[in-house]
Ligand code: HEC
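One chain comes next, on its own, written out as structure tokens in the form predicted on its own.
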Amino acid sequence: MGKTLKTISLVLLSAIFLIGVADEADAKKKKKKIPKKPSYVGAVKCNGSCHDPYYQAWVDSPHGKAFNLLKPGERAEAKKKAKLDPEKDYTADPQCLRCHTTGYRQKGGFKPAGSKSKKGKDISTKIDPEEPSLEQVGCEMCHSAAGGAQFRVVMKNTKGDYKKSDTEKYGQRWDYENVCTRCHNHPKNPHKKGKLDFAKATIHPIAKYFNEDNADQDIVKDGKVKDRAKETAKSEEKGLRIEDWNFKKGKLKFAKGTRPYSSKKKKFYYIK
């Protein structure tokens, strides 16, 4: 009888141990690996996961329709004031794509119609009118220095409970006022009256986009945003560089020493 009880006890202990190991393995499996390099992934990645109401608010905002303005006949008066032809198609014009799309001329960023690989394969960005993404001014144009592929994994792995420094080291920008300058107040912006007063700007109001299904995605109510507001990120103190660019043979080239991130050195650059 004693031997039988001992055997049963050993079997139970083994089972408990194996269950514990399996649970630990499952927990590790759930955590995604952070990509080695930053790249743009598009706003649609935020929809259907953690930021549905924010995505829907963005879709209805001017940023979510920025690419559409490049089409013939759109925003005719603004184009005339900028000395642009209102009937011309600007959807492949590099001067416009820098600020009307996401990550243009950068890893993972928007590629206009007609873009080909070295082997002649069509690599242009697929556009879905129902789910806008890279072809508009998406989340990453304001929130990242080189694309959100890395820090969005940090957000998912921590279920939103992270510090500013945890995502900043992968390129998330916290210098929001500085961010607007990258396009709205940039010297190369042809819309001279497009200057933005950051203090008065309402980017994408989200309140009306919450419902029973996505109420748990309210990052303001869950208190984590308030906790992060007490922190001061390095980019808030110094501000990341603002890109400048030139045009060579019809292509946009970022000016040397102006980009906020170097993929070769894996380093972020600050203004001061």
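Everything numeric here is computed off the predicted structure, so don't read it as measured data. Each residue number is its position in the shown sequence, starting from 1.
FYI, the form predicted in complex with this ligand isn't displayed, but the following is about it.
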item	value
Listed range touching this ligand, judged in the predicted complex by heavy atoms within 4.5 Å, from 123-131, 145-153, 70-78, 110-118	70-78
Touches this ligand in the predicted complex: Ala201 (any heavy atom, 4.5 Å)	yes
Non-hydrogen atom contact Tyr170 with this ligand in the predicted complex at 4.5 angstroms	no
Contact flag, Pro62 vs this ligand in the predicted complex, heavy atom cut 4.5 Å	yes
Tyr162, heavy atom within 4.5 angstroms of this ligand in the predicted complex	yes
Residues within 4.5 Å of this ligand in the predicted complex, restricted to 114-145 and counted by heavy atom	Val137, Gly138, Cys139, Met141, Cys142, His143
